[in-house]
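Below you'll find only one chain, the form predicted on its own, shown as structure tokens.
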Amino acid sequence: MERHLTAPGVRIRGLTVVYNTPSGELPAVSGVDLTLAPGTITGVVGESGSGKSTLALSMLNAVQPPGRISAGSVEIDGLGDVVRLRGEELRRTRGRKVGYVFQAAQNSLNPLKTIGAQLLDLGRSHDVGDLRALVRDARELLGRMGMDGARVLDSRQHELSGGMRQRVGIMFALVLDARVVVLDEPTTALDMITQATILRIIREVHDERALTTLVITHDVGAVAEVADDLAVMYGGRVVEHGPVAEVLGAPEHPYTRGLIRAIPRLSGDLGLARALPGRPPTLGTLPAAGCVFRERCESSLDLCRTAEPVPAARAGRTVACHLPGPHAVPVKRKEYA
């Protein structure tokens, strides 16, 4: 099967996704700007309801009613703006050019068909000429993830454990040689050893196939293990973005610091871990003005109640916060042609 030698860049600009509610249309993602550099793995972390999965679905133009993409673009090298794709062109993009692993992998499997039959259906729907090669590639991917590929392809979903179904979902996202891969909680329902195996496979296949990868996760440890860059989301906004080691090693945004402080340690003083105060906002409780994090922030200013912070470059990363930080300068986006 053909391998792409050049990874694509992805540029998300001004992305806003709204959901129709009894109170009107409310934003789940609001004005997000995010660049995925070619050949990198970008992790996205944040609490439930922060907009991570909605952002990921937008990369396939797959937001379903009552939601819709109301503004912005998702430009992928070689594809153009995915938000503008429609009909057959959009269908062929999903899976073949942009692979996706859903958070609940079992929901994307047909319980009446074997995994192998679903693989062949996938190949035929995307006009794969050599179905035998497709099956060989699937067996190899499953084998590298610690499973008997032939046995799995002959199985139905109820014959597989939750962890095995999750790995089957990863195989489906990779087997058509997609250029961009989005993984929504790829290590959910897996034990620690299997998690480590999956993260290693994601990294290896990412490098071998020249992918650009987005990993959605609650697990900051998983991000530290596999990602190059890290985006932190809260209330539908990206509040901090930069190289993963720098963001985790010296977080600039109060929310990022709170997330890291809440991680329990395996050694040392367990009392050092502190949960974030309060609860994350819902669509109905997002403030109409000001900083979305202000009610839970220990360092909020009067300005935070009236003005939404504009993302600025600070020490090699982008931070959206009114608090002064080192070397704060206006953002200069790096574009990828």
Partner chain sequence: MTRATANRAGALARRVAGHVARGLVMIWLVATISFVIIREIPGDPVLAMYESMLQKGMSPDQAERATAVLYGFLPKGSLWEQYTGYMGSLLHFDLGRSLSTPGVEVTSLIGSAASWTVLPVLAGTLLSFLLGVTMGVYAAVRRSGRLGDLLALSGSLLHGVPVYVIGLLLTAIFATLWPILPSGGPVDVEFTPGLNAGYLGSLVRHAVLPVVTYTLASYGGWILAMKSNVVTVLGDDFILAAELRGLRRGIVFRYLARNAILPLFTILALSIGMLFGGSIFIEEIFNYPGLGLLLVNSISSRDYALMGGTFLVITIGIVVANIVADLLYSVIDPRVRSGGTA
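Every value quoted in this text rests on a predicted model; they were computed, and no experiment measured them. Numbering follows the first chain given and starts at 1.
Omitted here: the form predicted in complex with its partner chain. The next part is about that form.
Here the chain stands by itself, but in the predicted complex one stretch of 134-142, 113-121, 196-204, 209-217, 113-121, has heavy atoms within 4.5 Å of its partner chain. Residue 159 belongs to the set of residues with a heavy atom inside 4.5 Å of its partner chain in the predicted complex.
For residue 73, no non-hydrogen atom is located within 4.5 Å of its partner chain in the predicted complex, even though that partner is not displayed. Of the heavy atoms in residue 91, some are within 4.5 Å of its partner chain in the predicted complex. In the predicted complex, none of the heavy atoms of residue 243 sits within 4.5 Å of a heavy atom of its partner chain. This chain is displayed alone, yet in the predicted complex one of 57, 41, 297, 292 has a heavy atom within 4.5 Å of its partner chain; that residue is 57.
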